[in-house]
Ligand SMILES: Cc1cc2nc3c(=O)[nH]c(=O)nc-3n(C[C@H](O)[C@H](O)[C@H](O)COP(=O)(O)O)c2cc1C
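Quick heads-up: it's one chain on its own, the form predicted alone, in structure tokens.
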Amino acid sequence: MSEVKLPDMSLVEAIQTRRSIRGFLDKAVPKEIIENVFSMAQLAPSNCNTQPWKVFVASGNLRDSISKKLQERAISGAPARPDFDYSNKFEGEYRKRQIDCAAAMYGEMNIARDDREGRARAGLRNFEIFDAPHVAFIGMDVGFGATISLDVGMFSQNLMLMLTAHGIGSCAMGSLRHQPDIIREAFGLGDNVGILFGIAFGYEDVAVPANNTRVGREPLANSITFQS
């Protein structure tokens, strides 16, 4: 692996700067930077150092082929068939945050709530992978459950923070788990590997309206309990 100059951005700056990017430039990230970013992400903690994450990065023609197949499935109305059970129903405070996030994004995109065609087009953008030149599919052994997926999550946070530190945008995408058979076929994987989600990454296209979306965080007291 080629020597890569480490970024000057501090951890605090990376945490404060990282956000979901939904529009990318047609500009590939240099291979040596990608390798450095993923090497650093590997330093994430895991149960007994098992390092259970399985990551598959598609670029170029393979990325385009996967995207095309995902779009075709979405347009056909094919149901999602994820490898792992997920709750897609949010209620109460969680539902409110979901709605607020969607309202902020659609507002930037000038898509009204009753604009079904506009919303469908926005949904299809997920399977266009927001034009990102690279996408990482994050998986683990299908026999693992929620506890092990926490380790994969810590790896993924490392990855996105390292991308941010290098000036590279990213977007964690649950929609990319909907058709895992396409991913397994693309990478020649067995049924023992399950896909949890995907992370699109590349250089941000600041002209894309969705990238102007900003969402806040709850006050500390709403989520964290301190007691002594």
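For clarity, every value in this text was computed on a predicted model and none was experimentally measured. Position 1 is the first residue in the sequence shown; the rest follow in order.
Below, we turn to the form predicted in complex with this ligand, even though it does not appear here.
Heavy atom to heavy atom, is A112 within 4.5 Å of this ligand in the predicted complex? No - in the predicted complex, heavy atoms of A112 and this ligand never come within 4.5 Å of each other.
Is there a non-hydrogen atom of G174 within 4.5 angstroms of a non-hydrogen atom of this ligand in the predicted complex? Looking in the predicted complex, residue contacts with this ligand include G174, since a heavy atom lies within 4.5 Å.
Please determine whether W53 contacts this ligand in the predicted complex, using a 4.5 Å cut-off between heavy atoms. No, no contact at 4.5 Å.
C101 near this ligand in the predicted complex, any heavy atom under 4.5 Å? Result yes; C101 sits at the interface with this ligand in the predicted complex.
Heavy atoms, 4.5 Å, this ligand in the predicted complex: which of 40-48, 66-74, 165-173, 27-35 makes the cut? Say which one. Going by heavy atoms within 4.5 Å, the stretch is 165-173.
Heavy atom within 4.5 Å of this ligand in the predicted complex: which residues of 6-20 meet that condition, in order? Heavy-atom contacts within 4.5 Å come from R18, R19, S20.
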